[in-house]
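Alright, here's a single protein chain in two forms, structure 1 and structure 2, each given by itself as structure tokens.
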Structure 1
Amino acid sequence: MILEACVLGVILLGFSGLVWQPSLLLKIIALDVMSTGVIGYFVLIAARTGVFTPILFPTQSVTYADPVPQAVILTAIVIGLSTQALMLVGAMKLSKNNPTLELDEIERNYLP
């Protein structure tokens, strides 16, 4: 129960940073914190005692964990990493033309 509250707190912390931070770089970091919290929540839900990793033991009769959620989480981690890299490249391109990464300043510079 305490772990679930901590993970949900991390998700809310990332979401609040995404909504309230004025800097683009801080918003990217907040999005990473939020996605880490979501992945942690799925890992916490999937963690069960009494099941084994899906490696075949022909001599033992044991209950195996379902490998599909693990594959989905690994895919989510890879997609999250690539999305973060793409957003950081976009922030680098914006920083060449703008002296700051504050979203209000950037929007003000691009208004006609």
Structure 2
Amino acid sequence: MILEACVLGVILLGFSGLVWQPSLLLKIIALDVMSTGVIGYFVLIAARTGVFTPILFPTQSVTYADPVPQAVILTAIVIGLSTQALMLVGAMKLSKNNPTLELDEIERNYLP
């Protein structure tokens, strides 16, 4: 229960960072924090039934963690990584003419 509250807290923290941070770079980091929280949530739910690695032991039965959410979140981690990489490249390109990467500044420059 406390763990779940912590994980949800991380997600919320990331989201509030997305809303309040003024700089594009900090926003990208906030997005990463948020996705870390979501990953943590998956791991937490997978561990509801037990924490052992799901390997079949012929002699004993253990309470193993559910492998399906873990497999799914692995995909999400990879996708998150590539998205982050792309965003950072975009920020790099933008930083040439907007060195501070402040969002208000960028929007004023590029919006009609």
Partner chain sequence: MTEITITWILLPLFLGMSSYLLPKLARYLTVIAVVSSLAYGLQAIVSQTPITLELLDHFGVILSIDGLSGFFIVTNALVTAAVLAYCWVLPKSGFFYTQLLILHGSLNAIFISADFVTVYVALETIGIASFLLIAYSRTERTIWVSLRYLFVSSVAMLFYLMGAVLVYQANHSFSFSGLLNAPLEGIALIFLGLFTKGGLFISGLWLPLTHAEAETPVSAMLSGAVVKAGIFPLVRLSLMFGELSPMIQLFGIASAFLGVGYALFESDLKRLLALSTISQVGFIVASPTVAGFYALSHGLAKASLFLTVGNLPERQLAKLQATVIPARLWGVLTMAALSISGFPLLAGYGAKVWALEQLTGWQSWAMNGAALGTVVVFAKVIFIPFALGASQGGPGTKGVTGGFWIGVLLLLLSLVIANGVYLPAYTLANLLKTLAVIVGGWGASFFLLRQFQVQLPRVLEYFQQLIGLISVILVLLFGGLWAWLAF
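Each residue is numbered by where it sits in the sequence of structure 1, with counting from 1. No experiment lies behind these values; they were computed from the predicted model shown. If you superpose the two forms and keep the largest set of C-alpha atoms that fall within 1.5 Å, you have the rigid core.
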Practice item. Would you indicate whether the form predicted on its own is structure 1 or structure 2? Key: 1
Practice item. Establish whether a shift of 2 Å or more occurs at the C-alpha of P69 between structures 1 and 2, with the two forms superposed on the rigid core. Key: yes
Exercise for review: Kindly check if the Cα atom of L56 is displaced 2 angstroms or more between structures 1 and 2 relative to the superposed rigid core.
Suggested key: yes
